[in-house]
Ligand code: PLP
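The data below hold one chain only, encoded as structure tokens and taken in the form predicted alone.
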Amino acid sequence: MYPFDPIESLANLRHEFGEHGGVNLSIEASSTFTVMKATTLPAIFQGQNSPEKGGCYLYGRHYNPTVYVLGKQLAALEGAQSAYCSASGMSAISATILQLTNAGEHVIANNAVYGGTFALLKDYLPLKTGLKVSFVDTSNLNAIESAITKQTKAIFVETMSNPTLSVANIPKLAEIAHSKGIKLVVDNTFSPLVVSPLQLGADIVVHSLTKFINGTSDIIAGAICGSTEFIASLMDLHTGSLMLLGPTMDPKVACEISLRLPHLALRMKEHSQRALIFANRLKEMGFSVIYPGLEEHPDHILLKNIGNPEFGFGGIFCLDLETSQKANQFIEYLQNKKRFGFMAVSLGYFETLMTCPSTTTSSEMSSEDLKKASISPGLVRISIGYTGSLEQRWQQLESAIYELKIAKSLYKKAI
């Protein structure tokens, strides 16, 4: 039995009333907040009377009640002491890394991560702060240990790497990190509910709420989940990365996301169910399929051991079509001829989204970096949606495979 029930944890927290007795979260639209005594304001500025300490609100960039409650809900979902939300997933990652490190210190990151994260760690932060970053294959635990220096402050991984879908061995990584006094940061964007990294030893979890958690591709948002001490440090008036850099979440956005959390479990189950069925059928047709739900995936057993079985193996799978030309032809045909999905970056939408990462979401990486990360030029990332019936969508995909000449040239079993 999975030791942590994220849905029950969230349900217990949500059993509270809005400001005026409403069953939904109230929206606090104020940018600034009043107090009853003038002496209260200096106490807030001195860090003695903040919301995290049961005190008062000061200013919307510091804490907002609606955003604060959404943070509590996400903390419950991940089993964290605290959480707070930001304007994007990238701001959540940036603020976390900046809070954990000082100029010239060191971070270890997986060599297959989202292209924006790669650029942040490889180019931007080293240029602006002197941060040193080692990109390694984090499935190689010996390589992780070899990369650790006296200056290392954090190990950064994605639960499922974007786009290669390798699975991080979070318990082992946490063991290595903690033995050296290092923090383990896990981006859980691909796998909310599927995996609960904090329960496996991670110190901090970040999310792009834009994706599965929000679910409708209409909002950009992020979140950081961790200890109360760490979240409070992010909001410190003197050294807090969220407070001073200002990636503030709008309270109206926070309310909208909060209203979508209760059906996240239903959505993740359907995403995962369809991804597994499609991956198995495509494998049987002779395609090179990457999906951790397949028994031959190198991390299949690992994900079974660390995952929450109720939510499957996630809603994303990949096909390797060898060249970007064949990959682009395939997804163009699926969108324009079959209406199977959309050629678009992002994921976790109720419609299927398809992209060729080597030329889009991983294009910040050089050809050498792409090769090291095992990102093929013809890799197609498919975030499977749940509109239409499963069989209707499969027929669209299957007919495209038979109609395209690319299928005949590559997949003998498909013709």
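Start at 1 with the first residue shown and count on from there. All values derive from a computational prediction rather than experimental measurement.
Omitted here: the form predicted together with pyridoxal-5'-phosphate (PLP). The next part is about that form.
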query: The single option of 101, 164, 88, 169 touching pyridoxal-5'-phosphate (PLP) in the predicted complex, heavy atom within 4.5 Å; finding: 88
query: Contact residue in the predicted complex, from 114, 342, 278, 330 (heavy atom within 4.5 Å of pyridoxal-5'-phosphate (PLP)); finding: 114
query: Output flag, 158, 210 and 347 jointly within 4.5 Å of pyridoxal-5'-phosphate (PLP) in the predicted complex, heavy atom basis; finding: yes
query: Proximity to pyridoxal-5'-phosphate (PLP) in the predicted complex (heavy atom, within 4.5 Å), stretch among 216 to 224, 73 to 81, 121 to 129, 135 to 143; finding: 216 to 224
query: 4.5 Å heavy atom contact, residue 93 and pyridoxal-5'-phosphate (PLP) in the predicted complex; finding: yes
query: Interface membership of residue 196, pyridoxal-5'-phosphate (PLP) in the predicted complex, 4.5 Å heavy atom rule; finding: no
query: Proximity of residue 189 to pyridoxal-5'-phosphate (PLP) in the predicted complex, heavy atoms at 4.5 Å; finding: yes
